[in-house]
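The chain below stands alone, shown as structure tokens; this is the form predicted alone.
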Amino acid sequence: MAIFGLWVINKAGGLVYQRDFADGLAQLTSNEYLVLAGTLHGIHAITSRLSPTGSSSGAQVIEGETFKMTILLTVTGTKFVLLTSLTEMTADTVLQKVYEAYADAVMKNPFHTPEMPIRSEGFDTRITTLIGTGQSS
């Protein structure tokens, strides 16, 4: 089981944080990550409108052949995306803890501008403590 990467996407679809943890994903340029974040934002918006039984918050898990993306949408519209192996069962719990770290280390920082890239050593440290190298036993 592995956690490959973490993305934080602002409510406008911009990538404000991206970090890789384990080998396994293709190495992309920063522009490619920005395009992927915007595309995921659009897919999420579309899936929130497709529900045949009323309102929906959009896609929560997207699976590929070799990985899955678990998405946590916050009430402010910020999305936390965890890229993991198919067998990773703790993604929801990890995303909730990432959100708590974000609230404490980023949003309580008076020098951080909301919706802008996250440049917080405290957040990075908490993510490293939480996820480490991305390999779980």
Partner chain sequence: MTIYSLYIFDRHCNCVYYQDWHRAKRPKPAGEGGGILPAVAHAISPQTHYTDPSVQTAFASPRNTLSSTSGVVVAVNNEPASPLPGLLQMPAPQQPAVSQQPTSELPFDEEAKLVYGVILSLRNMIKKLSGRDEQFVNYRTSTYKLHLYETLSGYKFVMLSDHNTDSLRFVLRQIYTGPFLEYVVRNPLVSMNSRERGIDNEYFRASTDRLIRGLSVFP
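Residue numbers count along the first chain shown, from 1. Every value quoted in this text rests on a predicted model; they were computed, and no experiment measured them.
The next section is about a form of this same protein that is not shown, the form predicted in complex with the partner chain.
Novice: Please pick, from 73, 36, 107, 95, the one residue with any non-hydrogen atom lying within 4.5 angstroms of the partner chain in the predicted bound form.
Specialist: Selected option: 36.
Novice: So, residue 25 and the partner chain: in the predicted bound form, are they within 4.5 Å at any heavy atom pair?
Specialist: Result yes; residue 25 sits at the interface with the partner chain in the predicted bound form.
Novice: Going by a heavy atom distance of 4.5 Å, is residue 55 a contact of the partner chain in the predicted bound form?
Specialist: Yes.
Novice: Does residue 51 reach the partner chain in the predicted bound form if we count a contact as any heavy atom within 4.5 Å?
Specialist: Contact check for residue 51: yes, within 4.5 Å of the partner chain in the predicted bound form.
Novice: Within a 4.5 Å heavy atom cut-off, is residue 90 in contact with the partner chain in the predicted bound form?
Specialist: Residue 90 lies outside the contact set for the partner chain.
Novice: Only counting heavy atoms and a 4.5 Å limit, does any residue of 91 to 123 reach the partner chain in the predicted bound form, and if so which ones?
Specialist: Heavy-atom contacts within 4.5 Å come from no residue here.
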